[in-house]
Structure formats: structure tokens, C-alpha cells
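Have a look below at one chain only, the form predicted on its own, in C-alpha cells format.
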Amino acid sequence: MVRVVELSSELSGKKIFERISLEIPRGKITAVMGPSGTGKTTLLRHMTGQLHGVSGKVWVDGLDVAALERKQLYALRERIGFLFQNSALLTDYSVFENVAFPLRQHTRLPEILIRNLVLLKLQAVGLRGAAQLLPSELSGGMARRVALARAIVFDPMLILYDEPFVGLDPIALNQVLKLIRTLNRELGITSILVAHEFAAVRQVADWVHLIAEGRCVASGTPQQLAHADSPWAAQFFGGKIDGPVPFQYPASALDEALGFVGPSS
């Protein structure tokens, strides 16, 4: 579904990717993991054409994203669902209107059809009874499920999940995990998860890419990476304080910073 080929990218003058390459298999759930600040969300923005690389290619469903004209890019985006990091629900809209929003913006469907589509998607995430609630009346897990209903309202070929497990209690986490698995299986969707919680990822992902220092440093099934020899995998999945990602940010010697002067000779 997605091929990233030797992508190099910069953001605000900072190098993010250095000829990174990876593939996302069609119909599977793939997790993209890595230390904070390594560009995981930035990679999703390349896939949706919000950013273009300095060099390299990003292909989605056989389309060179950077080469698409605006109309073609918008058409591609309508086939991609996006679950935002903090759900990003419209606070003054009801649950129903949040899910209906993309349909009202991008289609001219009759109201009865919009109503039926929205209720079907809310039923799929177990929240049809909450259709008239406001986002402020929802728990964190419920808000995440409403955002997921909105993400699938166009029956997308691909869903991008940006940190879908953050802030969820164990019950809500298991509900979201079940939804991701069920939707992927029943609708034949390709899913990409950006996440840090390896315990959750290993329950749902078919494949994992670990990225660091602008490249893909390890790939495999969750079981393979849990026992990989890679020092990156060992530190990231083992939770070690020091390793390829150092505890101390690069700095001058402490005695120099404190102005320490040693004994005179």
C-alpha cells in the first residue's frame, strides 16, 4: 500500500530523514515506532502530501504523492482516514455532527443518507447511543472511538493512527485495540500505527518498523523485535536508560560549565 524509497527530509532546517526506506503491506496493521522526535508523525505527513522530501519518493497505492496535482492529492486524501493524536473533535459539535462533518464538507449526499451512514459508523464503534453528546461529555476512550468513526466514514483504504493509545485506561485501551483489529479484518483496511506502547502494539500489529536517526534501524514482527540483536531494538523495547539514545544531551564538560578551576601547579 505504501512504499517509502530513500526519502530525505528536512523540517525548519533540521534533518529528519536520511534516505529512509520502508514498505507498508496492503491489508495489514503496521506499527511505526521509535524514540520521541524521530519523525514518526512527520512520516505520516509525507504520506498525505502535507510535506515533500528533499529527495526520494513516497508512493501510496501506486501514486507518487509528491507528483500529484492538488485535485488528485485531495482525491487521495479522501481515501485515507486519519486518527489524530488527541482525537481533534470539534468541541461545539455533537458526536453525530463530528462524524458527519467530512460528509457535509466533501459530498452532496441527501440528509437521510448522511444520517444513516453516521449512525452505522457510530454503531460500529459502539457509540450510536452517544450521538447527541458533546465532546466535553465524553471520556478519553469514547472520544477516541468517535474520532475513529469519523476516520472510517468514507470507508477508506488506509487509516493512519497517530498515537491512538495515549491517555487511555486499560478498558478503553482494549476497546480501541479490538476496534483496530476488527475494522482491519472486516473492512480490509490497511492500518499504520504511530505508537510508543510496545505492549499494546504487539497485541495488534502484524509488522513493526523501528526508526531512529533518520532511518529505519529494525523491522520485523513484534515477536522478532522483542528478541532482536539490534542495539536500537534492545534499548527501545527493553526500556534501557542508555544505549544508542544517550541519557545525557551532548554538552561541554560539567566542570567547564560550572566554572571549576583545578588546583594550580
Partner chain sequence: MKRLNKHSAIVDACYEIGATGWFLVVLLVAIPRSLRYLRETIRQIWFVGAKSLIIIMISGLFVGMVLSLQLYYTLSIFGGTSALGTVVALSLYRELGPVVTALLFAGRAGTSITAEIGLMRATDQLSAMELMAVDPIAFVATPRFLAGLISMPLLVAVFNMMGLFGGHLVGVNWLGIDNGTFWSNMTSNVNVWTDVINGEWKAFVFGAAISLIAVFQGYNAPPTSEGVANATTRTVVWASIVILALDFVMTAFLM
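Just so it is clear, the model here is predicted, and its values are computed rather than measured. Residue numbers count along the first chain shown, from 1.
Keep in mind that the form predicted together with its partner chain is missing from the display, and what follows is about it.
Residue contact with its partner chain in the model of the complex: Ser139 places no heavy atom within 4.5 Å of it. Contact check for Pro102: a non-hydrogen atom falls within 4.5 Å of its partner chain in the model of the complex.
Although the partner is absent from this view, Ala88 contacts its partner chain in the model of the complex, with a non-hydrogen atom inside 4.5 angstroms. Residue contact with its partner chain in the model of the complex: His106 places a heavy atom within 4.5 Å of it. Though its partner chain is absent from this view, in the model of the complex it lies within 4.5 Å of a heavy atom of just one residue from Leu183, Ala131, Ile80, Leu173, which is Ile80. None of 202-210, 32-40, 47-55, 225-233 except one has non-hydrogen atoms within 4.5 angstroms of its partner chain in the model of the complex; the exception is 47-55.
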